[in-house]
Structure formats: structure tokens, C-alpha cells
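Read the single chain below, which is given as C-alpha cells and is the form predicted on its own.
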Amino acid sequence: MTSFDLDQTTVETAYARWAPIYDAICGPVMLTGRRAAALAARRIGGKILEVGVGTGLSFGDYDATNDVTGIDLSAPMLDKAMAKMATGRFPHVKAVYQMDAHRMTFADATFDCVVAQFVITLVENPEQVLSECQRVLKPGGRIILVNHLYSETGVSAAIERWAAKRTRKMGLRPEFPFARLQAWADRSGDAILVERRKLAPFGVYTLVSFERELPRVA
């Protein structure tokens, strides 16, 4: 199964349209996945980067023990996030930036944990974004992904293949396989798969976590 990648212009245009209604439509749908990702990140603690922070829907899923930074490509989405920050309800969110996840401006080994919720299947070049996440992650830190991943077999896979071309203009890619994530990890040399599990109640979303391997002592 070939996964046809999205281009950046399509994604930016789609999410500019989504911004006004994103919280109302996607908030309830993504709630379980969001909370699972944030819980996994809280267990790591320290400095957390959320890639594709969007409107800041996940701000309330973290707490005062966290130090959260967010990035997103969409200015309209970030306007919503900054409005949430301005309420003063989320002091643990230190900053949000308009930034391309393919080319982050953070220094190497800045964060203890990188979270990408419902993002990695939507970016133009998923492998490049994963490598950037790995670069800004401290050794021993975790990349935590939550997404719907391609079913690969059966009726669900057939539906996802049918939907693939029809959902491109909406900024969606329903046929993204786990195998691409694993292939990236195998090539990276220091990314270890530590968790892969379907999330309750229906297993629609999968949580995947990679650890950046600590340098080996000679």
C-alpha cells in the first residue's frame, strides 16, 4: 500500500478553514487520544514539546509540574491557542511558536519529551519530522505519537484506501501505515520502539512511543 504524502500548502489551507470550528468538532473526537498522549508525556516530565499544538486543545491535559512549549504551522490555529494562554489558566504552557516541524529552530537535545497528536500522518514528510523530533530530544527522552494508523487488511483497510484520495483537500491521510514509523526508527540508529498500543474504547487510535537511545559507554 502506497501512502501518498500531503503537500504543505494543502495542509495550511485545510487547517486555516478548520480553525474556527476545530475545538467543537475535533475536541470530543480526539479526547481519548489527547489524554493518553499527555498522560504518557507527564510520566516522562521535564520540558515537553508539543508538535502540531493547534488551538491548544491539550493545554488542560497537562499540569503545573510540566513545562510545555508548542509549535504549529497554522497561524489561525495558533491565534486560538494564544487566546487560551491569555486567560492565565495554563501557566505551565510557556510559549507557542509558528514553526515548520520539518525545520525546527530549537537547539539539539532541548526537550525531555516530544508529543505529536494526530500530526505525523498529516505532515508533508513524516520521516523528516520524526528526525527533527529526535534531534531536539535529549538522549533517554521519548517521542510520543497518537494517530489513526492504516488497518492494512480487511474491510477497514479497503475503506481507508477508498477515502485516501477523497480526503486530501481536507488535510487528512487515513491510509498511513505503522510500517513507515518502524522503518524510520530502524534507519535512525538510536530510536527504540518502547510502546505500541491501541487505545480504548474502540482501538481507532494507536499510541506509539520511541525512546532516543542513551550514548553507549565504550
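From a predicted model like this one, the values you see are computed outputs, not experimental measurements. In case it trips you up, residue 1 is the first one in the sequence shown, and so on.
FYI, the form predicted in complex with a small molecule isn't displayed, but the following is about it.
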item	value
V96, L122, V136, M85 - the one with a heavy atom within 4.5 Å of the small molecule in the predicted complex	L122
Of L57, A185, I44, A36, the one that lies within 4.5 Å of the small molecule in the predicted complex (heavy atoms)	L57
Heavy atom distance at most 4.5 Å to the small molecule in the predicted complex, all of L145, A179 and F210	no
Residue contact check: V53 to the small molecule in the predicted complex, 4.5 Å heavy atom	yes
Contact label in the predicted complex: D79 to the small molecule, heavy atom within 4.5 Å	no
4.5 Å heavy atom contact, A40 and the small molecule in the predicted complex	no
The small molecule contact at C113 in the predicted complex, heavy atom, 4.5 Å	no
Stretch in contact in the predicted complex with the small molecule, which is absent here, among 71-79, 105-113, 88-96, 137-145 (heavy atoms within 4.5 Å)	71-79
